[in-house]
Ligand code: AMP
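Taking the form predicted alone, here's one chain by itself in structure tokens.
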């Protein structure tokens, strides 16, 4: 049967089946607000009516500039439901980048947190944005107050727009680490199938019985699809707003009995430190899974959460993939294997999720799935972009419909993908490849190390050599020689960093990844 796979199909399901399930949000004053999917959907439909009243038409871009809260969820559901395109702007970007992105997307309206208005005003004048709708506070002159706009909208006027599942529902922009940020449009079909895919048992297993805490921001690549998956399945949703420190997150995990949380490693490292520092103080017995993506989860982080009865589930993806691409579940054939064997499997990025296919290409063509041959990962699937907005970056897409990820991988015989490095971050020393990711994970396994980044620096004889930048935990001490000794049993001697330097912090991108370009530039200058 030709049944349209649309965001509004998810909305109808949330309204009819999950209307009483809770949506919890951290409020600006630090307290917790509670609502339900039924109320969220009713308000999302009011938002749809309101957008039409100010002239927003199907295909128009409506930006959001806000944190994780119920109003942002209303935009996730309400904007695509009227045929408009939801465009989540990353609040951590520079005003110049935001101005470029809003112009490139052609945003006509923006829904903005009151607390973020000063940041928004730093670039708004350089954009085509006509209407500004303010959430969580009074609207300055010339802007609209979100609550007043919704109150004036009659839900009886809501009409379900007939949507083509292939039409655009939302868009996000890449981080722009190489050149200007590139826009990625997601169709309704893409978002619906992605929500279904990440809800399967062998993927993220989002289900009605779960209480889901997306620490990953809603302004970052659809919050990994979790808001749509939670609304589709009826999972209780806990939204932390801007309070992403370990104490605030642990409070929500404990009080709301969170079972599934998701975010980047830099978020969960301090949470693990807090659990280790005061064993038994925080009751995290309900929390069974922490999904980590955005960067490789150090083996020590996986083992650390195991001590507290919490499973770390590795996931990998990209903006161009909506974003989940692989999930590192332990294969069925290893169900009875020793802990160390299972741990090694969990440290890998895993197998592609349903409706995603993967292959790797080396200098001589496609490489075998032997767990040893290096190649650039290429992917295709129902939630993988076919092109960038405006035709940018056409070289990233093959003639036969695959997306070139820029990640260098090996693929095991069973299809498990292991990210070895970003192509631009691999270190080529004396004609041989060195994985910066493997060295980083090993360094972060040392109890004194909080963070570690490894980059290539020029070398007269070998072309490039690895240099490690290390941030120590508070109060911890360790020498460069001691860290090198930690690495020696695990790696060939020529892999070992020529120099290990200590820093107060490692530069990061807006999404929490190490900004290795900045490190390379700094250390190449000495």
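Please read all numbers here as calculations on a predicted model, not as lab measurements. Numbering follows the first chain given and starts at 1.
The same protein also has a form predicted together with this ligand, omitted here; what follows describes it.
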### Summary
Answer among 109-117, 446-454, 315-323, 361-369 for heavy atoms within 4.5 Å of this ligand in the model of the complex: the stretch 315-323
### Query
Would residue 349 show up as a contact with this ligand in the model of the complex if we use heavy atoms at 4.5 Å?
yes
### Query
Counting only non-hydrogen atoms and a 4.5 angstroms cut-off, does residue 221 reach this ligand in the model of the complex?
yes
#### Entry: Non-hydrogen atom contact residue 80 with this ligand in the model of the complex at 4.5 angstroms
no
### Query
With the cut-off set at 4.5 Å between non-hydrogen atoms, does residue 409 touch this ligand in the model of the complex?
no
### Query
Mind checking whether each of 174, 296 and 433 has a heavy atom within 4.5 Å of this ligand in the model of the complex?
yes
### Task
State the residue from 243, 422, 288, 282 whose non-hydrogen atoms include one within 4.5 Å of this ligand in the model of the complex.
422
#### Entry: Option touching this ligand, based on a heavy atom within 4.5 Å in the model of the complex, out of 153, 405, 203, 259
405
### Comparison of CA distance in the model of the complex with shown form for residue 370, residue 425, at least 3 Å
farther
### Task
Since the Cα separation of residue 424 and residue 394 moves by 3 Å or more in the model of the complex, tell me which way: closer or farther than here.
closer
